[in-house]
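Encoded as structure tokens, the following chain is the form predicted on its own, with no partner shown.
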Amino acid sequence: MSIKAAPLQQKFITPNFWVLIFFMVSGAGFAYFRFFEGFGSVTNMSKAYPFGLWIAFDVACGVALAAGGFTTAAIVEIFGREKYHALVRPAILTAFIGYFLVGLAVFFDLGKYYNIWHALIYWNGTSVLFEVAWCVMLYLTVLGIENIPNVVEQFSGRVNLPGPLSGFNRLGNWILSKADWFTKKTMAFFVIAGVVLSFGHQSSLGTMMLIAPYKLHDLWYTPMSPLLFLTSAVSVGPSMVIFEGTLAAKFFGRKPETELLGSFAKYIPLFLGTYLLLRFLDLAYRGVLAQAFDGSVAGYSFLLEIALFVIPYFALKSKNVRQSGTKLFLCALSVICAVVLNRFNVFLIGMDMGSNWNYFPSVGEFAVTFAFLALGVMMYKIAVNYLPILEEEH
């Protein structure tokens, strides 16, 4: 079943365009100092806190929040829920942008950023980060291939380069026709590969934190961490689709797809229920749940995280909530905030480096992060404006 999608073709240079440019330029200024003056000139990271905002949010949260791509593809393409097919293209696009920004964030966060290519040839099969690097690289490639049909549909047979470039028109049309043939023959393989790769690196980000048994708080340090990271990412996937779909309708002046998104939201309690069950069974088995009520910052942060998960779990079971665009959006936002807080708890808030050390992100770290977000929004704006991503409205 194919959807009838079309480019928005709206006015591109709008006030929000200049807002995005402002954040991107501001981040680029701090990026200059990061690459030419070193970490110390921009960040508040230290030997005790090597994982700062750029890892906790830009990478750990970025990977989790890009899960809408593989969860939507799995629900629609593998489990055959064709009624949600209109959500696949925006979800895959958002996932591609998310993983692109994750790769860019890693480039910023590596001390020797010029060695980022080493994972390609220096193999270390015992390293969790080696597996994460390869899965992210491969999945970003898969997402790129999954977005090829959007380009083919828009430009195949219509390549019309101006002036001296017109000699490449025939070559361009030939390449697009071959790309169309290739994706039609192999797309099922890439959909499955995307789901498998996502299961690998989503869980491995949790595995990575098992190296800190004496630093990470007991509320988050657990051998179940890989499974908890995976199930929380699966839970936030549909929430990101709802979040993105609602904002796209708002800012592009489109009719909200409340009925479709509300129906899609019925999967969220199923995923959240699985995650919460595993989470509380783990806490009870290890006998650490009482630490959530010890009055510490970590305890309060844990209680807030759980509340943000539990409230939408019960709320989205109500049909009235799922049929309300505002309530549906707030529930999706709650799940997103819960996953973001969970990653911050694991990578920053729950880490005890001793009383002699503390960390709070610098202005430069915030500026670069906001620049990443602005770049992501700009990429989405360009894609939906000039490619058939969103379903055509009549």
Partner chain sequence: MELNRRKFLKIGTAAGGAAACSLSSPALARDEREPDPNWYGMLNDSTRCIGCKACQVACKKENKLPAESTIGDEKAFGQAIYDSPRELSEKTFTLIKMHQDEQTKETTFVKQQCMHCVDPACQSACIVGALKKQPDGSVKYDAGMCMGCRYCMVACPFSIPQFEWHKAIPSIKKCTLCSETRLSKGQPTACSSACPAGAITFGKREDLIKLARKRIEAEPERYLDHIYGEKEVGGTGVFYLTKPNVAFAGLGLQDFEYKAVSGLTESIQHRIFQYFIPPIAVYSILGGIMAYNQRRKKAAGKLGGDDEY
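Positions refer to the first chain, counted from 1. Everything quoted here is computed from the prediction, not taken from an experiment.
Note that the form predicted in complex with its partner chain isn't included here; everything after this is about it.
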property	result
4.5 Å heavy atom contact, A31 and its partner chain in the predicted complex	no
is_contact(F39, its partner chain) in the predicted complex, heavy atom dist at most 4.5 Å	yes
is_contact(W357, its partner chain) in the predicted complex, heavy atom dist at most 4.5 Å	yes
Any non-hydrogen atom of P149 within 4.5 angstroms of its partner chain in the predicted complex	yes
Proximity to its partner chain in the predicted complex, single hit among L261, L308, V191, L283 (heavy atom within 4.5 Å)	V191
Contact residue in the predicted complex, from V288, L247, A119, V159 (heavy atom within 4.5 Å of its partner chain)	A119
Joint contact, T126, F199 and A212 to its partner chain in the predicted complex, by non-hydrogen atom at 4.5 Å	yes
Proximity to its partner chain in the predicted complex (heavy atom, within 4.5 Å), stretch among 348-356, 22-30, 325-333, 60-68	348-356
Sequence-ordered residues of 238-270 touching its partner chain in the predicted complex, heavy atom within 4.5 Å	none
